[in-house]
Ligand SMILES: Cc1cc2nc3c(=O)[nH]c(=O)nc-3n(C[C@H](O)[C@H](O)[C@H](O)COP(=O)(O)O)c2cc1C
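Let's start with one chain on its own, the form predicted on its own, as structure tokens.
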């Protein structure tokens, strides 16, 4: 039985469960990793101002996005190479998201294909697109459309790969390099090693189809060698080509967000890629209020979310939903599907408890008047 009562508990267990080279891939950031800490610390810029003597005997954390009801104001952020944490990880995350009534976003760098995940769970699914090669990107868009994904997420903050020093020092790659150090570490983390031996090395399944099977594309994806020429005109063409909801992820500026809105994008995600791209990029939560105030379309954010109270702070600042990335991956690595399920339950309980303590029985009640900014970092 799990003794985890918070995301941090799952993080500690994931660290014990995974070999160092794998945990560092999950945990690491760019350069000196100041951005990782900034993402976490930024939430303490705001302190709550609870309203008293309000009826909070029944708190609802349900929300509504694009005429669709969601049980929680969160979604599962797109994350790549999840199969290295647990076999079948993408399907696990999609199933748990469906059970909890929230969207799941599948990464281009997933270890299960667009089609496999579509069959694995019946919940709301979004597909995240990296553009490495225009023809391949067009094929991915068609496949996501044909597999009935509800939304397409274009990630725009990876024109080149961030300087991920942990991965460089460890020699991280897929497959994991076999040397004295990694073999010894694998022996010390036997359950993980046995799972990997039973299922085999995770593959980039979106590049295993007849139309997309190219070794150069897989290598480009692993090293984040994206098409750095992709620009606003290309985004406009993608908007014309994709018939459903289009989300742009990786924004850090009001003017970029407003331009997305002008081009007909349906939502934007403020994100610094979890601190993995540009180490000195601002924490997205600090941008949430100004961008939400400037736009008429939904604004989401991710990066550094570890508590239900972090989610509530984002909602008070005007965002519509909050993405969960590492928080759920820790639980996935630690305890598999049961861990992800329990972790989402913990976050839902924390959101409910925070709203009750604030005096806000429904999400629509939340606003900036429930907080004061102190900027301690």
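All figures in this text were calculated on a predicted structure; none of them were measured in a lab. Positions refer to the first chain, counted from 1.
FYI, the form predicted together with the named molecule isn't displayed, but the following is about it.
Engineer: Does residue 313 make contact with the named molecule in the predicted complex, using a 4.5 Å heavy atom cut-off?
Structural biologist: Result no; residue 313 lies far from the named molecule in the predicted complex.
Engineer: Consider residue 26 of the chain shown here, and say whether it contacts the named molecule in the predicted complex, taking contact as heavy atoms within 4.5 Å.
Structural biologist: Yes, residue 26 sits close enough to the named molecule in the predicted complex that at least one of its heavy atoms falls within 4.5 Å.
Engineer: Could you tell me if residue 86 has a non-hydrogen atom within 4.5 Å of the named molecule in the predicted complex?
Structural biologist: Residue 86: no, not in contact with the named molecule in the predicted complex.
Engineer: Considering only heavy atoms, tell me if residue 144 and the named molecule come within 4.5 Å of each other in the predicted complex.
Structural biologist: No.
Engineer: Just one stretch in 268 to 276, 197 to 205, 231 to 239, 133 to 141 has heavy atoms within 4.5 Å of the named molecule in the predicted complex, so which one is it?
Structural biologist: In short, 268 to 276.
Engineer: So which of 292, 107, 170, 113 reaches within 4.5 angstroms of the named molecule in the predicted complex, heavy atom to heavy atom?
Structural biologist: Contact with the named molecule in the predicted complex is made by 107 alone.
Engineer: Just one of 251, 305, 97, 74 has a heavy atom within 4.5 angstroms of the named molecule in the predicted complex, so which one?
Structural biologist: After the contact test, the surviving option is 305.
Engineer: Let me know which residues along 61 to 92 have a heavy atom within 4.5 Å of the named molecule in the predicted complex, or say none if there are none.
Structural biologist: Contacts from 61 to 92: 77, 78, 79, 80.
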